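Consider the single chain below, provided in structure tokens and representing the form predicted on its own.
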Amino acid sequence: MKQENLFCALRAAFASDLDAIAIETADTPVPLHYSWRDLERGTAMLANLIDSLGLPPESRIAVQTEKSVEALMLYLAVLRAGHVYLPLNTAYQAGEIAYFVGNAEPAVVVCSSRNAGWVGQVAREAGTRHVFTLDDDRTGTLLELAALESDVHEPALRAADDLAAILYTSGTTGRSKGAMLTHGNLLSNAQVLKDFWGWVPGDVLLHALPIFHVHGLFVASHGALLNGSRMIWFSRFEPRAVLARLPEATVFMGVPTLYVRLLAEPEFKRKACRNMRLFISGSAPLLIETFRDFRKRSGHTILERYGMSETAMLTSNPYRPESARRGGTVGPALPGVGVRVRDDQGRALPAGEIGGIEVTGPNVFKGYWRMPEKTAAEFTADGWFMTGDVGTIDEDGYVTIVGRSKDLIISGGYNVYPAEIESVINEMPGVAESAVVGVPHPDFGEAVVAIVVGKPDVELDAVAMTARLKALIANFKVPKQMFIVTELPRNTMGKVQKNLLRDQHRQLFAG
């Protein structure tokens, strides 16, 4: 069998000097320095511990821990041992963990010590035999036991189609689904991004993203590992601390919220970015104002890209020339990836028309865990994955995301795309950001509602703004109600939780 273990591909790219620094922690009480040899030995010991448990092939190993280098090593060790990694958001509570553990039936659960009581109980009730703890200060039962194991380990043989990870979707519209990603899915995407984003020897990644998600675990970590690049490692994003270390880095990946927070720092100027090669944004839409302000302040143009839990990265604005990066778009399809837009009847749409985005490529997932009917329903007859996103592709192949199909508002028989209205509102003076949702309405079926956040020390007038909108967009798109708030609800990756806004205003027009 051809060796396609993702770990082996990453290990093959480790720096030739194994004693060189691979990861340096930036916000631990004392900076910690991990060499490439440390990564090799640490993952070997953890993999040997996993092997000692006598698990069935491709067992799921569920992990809900705080971000640490040891947590990253655990992920690599699971791949090395040939099992399936199941990262869980650190914000998940007992009911959510119970669902994930019950659905995935992991053989091993790893959690932080402070949650060991309730997580352990949930795991044992679901039949999980092995529960370990791992904390962000290099303590826990997992490391205590791994320290007794050999630091030599032969990686398991795995084929491209073998499972490497299961990522559960957010579940905002029903039961969360486990997207099954293979070694081939993840390796092919990492290799494409290494070339497309121009990774070069000497690159240094400032890593300030969580590692329970595609962005931080796969895109960022794989990128640095596959290039043999040093990482400056933050357990969490703190703008001033990040800013202090930015001059040492060449690559930074963030969600839009992180860029907004950097821009709020007076010391964020071109000097801080003097060695930077690339700023990448994803996981949520980047406001055009943020795009422009960042370019003005830093001298760099953010590269926005588009991906999903089910597919890893799909499209990207160009790396070169930098002038080809277009604000408000996520760029053309990556090499080897197919992207198309079709209507509800499955007909291809011409450039510029809005429709459902469908994709194909070696990065597209194997299906949803134990949901064959759902998997079949999400693929077209000719094998393309229906992303659930709505958007356009222009004559040059640039993709613009208009929104999620579930966010589409049908008001009085007209299709209303929230992103279009949000973009107009966001351009109004004093507006920081906005979210547009549809709620039940007795006459129109659904009514457009806007929730708007003002800039600091700006008092917005909802009535005046609504009147202004009537001169800018069609009347059926104008919000029936507008609310001024201090902030929008977001998940840990910075995405606005529109389901919560819909629920909050569902009874607005009742009766």
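So that there is no doubt, residue numbering starts at 1 and follows the sequence shown. Not measured: the values here are computed from a predicted model.
Below, we refer to the form predicted in complex with a small molecule, which is not included among the displayed structures.
**Q** Tell me which of 193-201, 370-378, 299-307, 244-252 has residues with heavy atoms within 4.5 angstroms of the small molecule in the predicted bound form?
**A** Single hit among the candidates: 299-307.
**Q** Is there a non-hydrogen atom of A324 within 4.5 angstroms of a non-hydrogen atom of the small molecule in the predicted bound form?
**A** Answer no; every heavy atom of A324 is more than 4.5 Å from the small molecule in the predicted bound form.
**Q** Contact with the small molecule in the predicted bound form for N415, defined as at least one heavy atom pair within 4.5 Å: yes or no?
**A** Contact with the small molecule, yes.
**Q** Does the small molecule come within 4.5 Å of any heavy atom of S283 in the predicted bound form?
**A** Taking the distances in the predicted bound form, the answer for S283 is yes, it comes within 4.5 Å of the small molecule.
**Q** Under a 4.5 Å heavy atom criterion, is V330 part of the interface with the small molecule in the predicted bound form?
**A** Taking the distances in the predicted bound form, the answer for V330 is yes, it comes within 4.5 Å of the small molecule.
**Q** Can you pick out, from T169, T128, S423, T290, the residue that has a heavy atom within 4.5 Å of the small molecule in the predicted bound form?
**A** Exactly one residue meets the criterion: T169.
**Q** In the predicted bound form, which of the listed residues (E149, D162, D135, D389) lies with a heavy atom within 4.5 Å of the small molecule?
**A** After the contact test, the surviving option is D389.
**Q** Would all three of I401, K406 and I410 be in contact with the small molecule in the predicted bound form, where contact means some heavy atom lies within 4.5 Å?
**A** Every residue of the candidate spot has a heavy atom within 4.5 Å of the small molecule in the predicted bound form.
**Q** Between M308 and L408, does the Cα distance in the predicted bound form come out closer or farther than in this form, changing by 3 Å or more?
**A** Residues converge in the predicted bound form, at least 3 Å closer.
**Q** Given that the distance between the C-alpha atoms of Y417 and T301 changes by 3 Å or more in the predicted bound form, do they end up closer or farther than here?
**A** They are farther apart; the C-alpha distance rises by 3 Å or more in the predicted bound form.
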